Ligand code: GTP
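A single chain comes next, written as structure tokens; it is the form predicted alone.
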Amino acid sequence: MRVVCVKGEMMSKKTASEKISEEEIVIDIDEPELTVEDLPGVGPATAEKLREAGFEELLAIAVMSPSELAEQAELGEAVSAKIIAGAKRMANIGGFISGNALLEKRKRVQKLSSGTSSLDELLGGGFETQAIIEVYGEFGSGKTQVGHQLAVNTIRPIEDGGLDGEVFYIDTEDTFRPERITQMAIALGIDPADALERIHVARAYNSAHQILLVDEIKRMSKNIDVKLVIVDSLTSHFRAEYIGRGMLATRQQKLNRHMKDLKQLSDIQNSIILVTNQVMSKPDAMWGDPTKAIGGHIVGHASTFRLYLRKSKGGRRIARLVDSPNLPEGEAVFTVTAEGLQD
């Protein structure tokens, strides 16, 4: 709503249009932000259930399916369907938009510098928000080192190539090392204590715990500016728990759900999701590199960008951009030193 105040008198813009003077003051009054309590048919008890399940924003509800919302918020499917329909109307996400409007919306996307010009150039300026970036390769290829470096870089100011936000690190293989963060922070002139304070780490002991930790990040994100979520590694627990062809379908379904939750988090928070992935050798490969990422097409399709890391001579690492929605395939060479990633 827009009102005009002239010489102490409050009136509508139309009424005051003939009395504009040098003493005119224009006041903008913003519309109140809509919350889950404003959804049709949602009373205090239902709103409390939604909030306890981590649904603070209308967009988070609008992108759910009735069965998923019913399960997570302990509601009936019919009630969930009505709530989702109301959220879609109020969040205004139900219709098509023009390419120009989408281009304008894409301006919200931010870029996080890796600290190496070659890797940033390969990724079109850096690791971008609202995306899942999968980094896979053999042991010792540098996957965890990339995660540690991005964690430190994320807390840097935007003008220095950072995102000035908080980091959440889901550690499934006990590979997170605060000492490594300290080394990288000192190299960048950052107080190590401040860096470690803004990197929140949780050890996931099985796949169910790993999935629940994403829900916990969603809950905490209402008070914290989450800019980077790292899952290191994505598939280790799933690979160990779901063994054999008989369990393959169940494993892939759970992985698919896990990836969708991560993508939803990246969209709502305008954050980066970095997942590292294990690999296996394909013995029937007649030529080329037999290395193949775990997770199959489910992980491949869910990832926005896919980076394949491999070791080279002289301590160098080669990063190959395998898949991207808008960038050509290519390679970048970097090294891992005590100070972090370098060209």
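Numbers follow the displayed sequence, beginning with 1. Remember, it's a predicted structure, so these values are computed and weren't measured experimentally.
This protein has a second form, the form predicted in complex with this ligand, left out of what is shown; the following refers to that one.
Enquirer: Spot the stretch among 221-229, 257-265, 173-181, 103-111 with residues whose non-hydrogen atoms come within 4.5 Å of this ligand in the predicted bound form.
Expert: Only one stretch qualifies here: 173-181.
Enquirer: Let me know the one among Thr116, Ser141, Thr129, Ser207 whose heavy atoms come within 4.5 Å of this ligand in the predicted bound form, would you?
Expert: Comparing distances to this ligand in the predicted bound form, the residue within 4.5 Å is Ser141.
Enquirer: Thr337: heavy atom within 4.5 Å of this ligand in the predicted bound form?
Expert: Thr337: yes, in contact with this ligand in the predicted bound form.
Enquirer: Taking this ligand as it sits in the predicted bound form, is Ser236 in contact with it (heavy atom to heavy atom, 4.5 Å or less)?
Expert: Ser236 lies outside the contact set for this ligand.
Enquirer: Report yes if any heavy atom of Gln252 sits within 4.5 Å of a heavy atom of this ligand in the predicted bound form; otherwise report no.
Expert: Looking in the predicted bound form, residue contacts with this ligand do not include Gln252, since no heavy atom lies within 4.5 Å.
Enquirer: In the predicted bound form, is there a heavy atom of this ligand that lies within 4.5 Å of any heavy atom of Thr304, even though the partner is absent here?
Expert: Answer no; every heavy atom of Thr304 is more than 4.5 Å from this ligand in the predicted bound form.
Enquirer: If you check in the predicted bound form, do Gln145, Gln278 and Arg317 all have a non-hydrogen atom within 4.5 Å of this ligand?
Expert: Each of the three qualifies.
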